[in-house]
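The chain below stands alone and is given as structure tokens, in the form predicted on its own.
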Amino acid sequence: MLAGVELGGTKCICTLGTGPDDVRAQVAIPTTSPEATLAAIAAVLERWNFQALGIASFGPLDLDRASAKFGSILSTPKPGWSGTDLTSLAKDVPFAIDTDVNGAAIAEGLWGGAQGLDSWAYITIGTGVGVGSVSAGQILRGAGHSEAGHQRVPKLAGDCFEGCCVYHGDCVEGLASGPAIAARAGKDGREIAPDDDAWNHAGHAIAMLCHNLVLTTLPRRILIGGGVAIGQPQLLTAIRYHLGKSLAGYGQTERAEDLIVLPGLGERAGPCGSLALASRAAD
């Protein structure tokens, strides 16, 4: 039996089970202050009997096991969360911790749309833009974890939108996250019409991100998930169009329609990501 915690910017989802088809319990907890949120999560975990724990969290995270701050959230725009130690949730059980998007990527490889592949990428579009890249079966890791959603990419000709990333302005996250799309359209995301040009601009930014991934991390498939992407088919259409136009056949072995797909797990990719990490910890 596995337990997983998906720590998100607005809510946390605690899951007990062995995989997407065997979820025994699931509890959602609002993300407020670190003290209140972690205490509520710990209270849920104390009621469950499990053999390994997976923690999939928003970042950036310190994932260097040799570091004194291993398992802590680094500098984040979420008030009060910088420096928060997440390893306190793991008591007397094997555990694994990684970013929420890396967890989702692993889950897609185990149970979703990347089964049978050795290299793929998972992009989540929501409050931010995150990328989990898997190469030769391993999550991309180096001096830290990937933050490809903060790449700077070219914008459409004549685009003067300054972006809304608090760190980089018009990086991919600043151009294509949920808040960025809403800011460009000048209205709440739920009120944006499918034919609004804001979707085309967001699709172009994500396509430029995919262009860079295709030529660097070499994914055989790129899964586009997250609350903004799922249920917005016009966004996927725009991404495929702009990616095909940008690559112009160079380094592209598959059609954009086959390369760019929705996640096999759909909206379950995030919560299942924490179970996927727990599965690795159990192994």
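Everything numeric in this text was worked out from a predicted model, so none of it was measured. Residue numbers run from 1 along the displayed sequence.
Just so it is clear, the following notes concern the form predicted together with a further copy of the same chain, a form of the same protein that is not shown.
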Tell me which of 219 to 227, 35 to 43, 22 to 30, 50 to 58 has residues with heavy atoms within 4.5 angstroms of a further copy of the same chain in the model of the complex? 219 to 227
Taking the shortest heavy atom distance, is residue 160 within 4.5 Å of a further copy of the same chain in the model of the complex? no
Residue 236: touches a further copy of the same chain in the model of the complex, heavy atom cutoff 4.5 angstroms: no
Evaluate residue 73 for contact with a further copy of the same chain in the model of the complex, applying a 4.5 angstroms cut-off between non-hydrogen atoms, and reply yes or no. no
Does residue 196 reach a further copy of the same chain in the model of the complex, with heavy atoms at most 4.5 Å apart? no
All of 144, 153 and 246 within 4.5 Å of a further copy of the same chain in the model of the complex, heavy atom check: yes
Just give me the single entry in 127, 200, 135, 84 that has a non-hydrogen atom within 4.5 angstroms of a further copy of the same chain in the model of the complex. 135
Have a look at 140, 89, 183, 192 for me and say which one sits with a heavy atom within 4.5 Å of a further copy of the same chain in the model of the complex. 140
Check each residue of 180 to 198 against a further copy of the same chain in the model of the complex and list those with a heavy atom within 4.5 Å, in sequence order. none
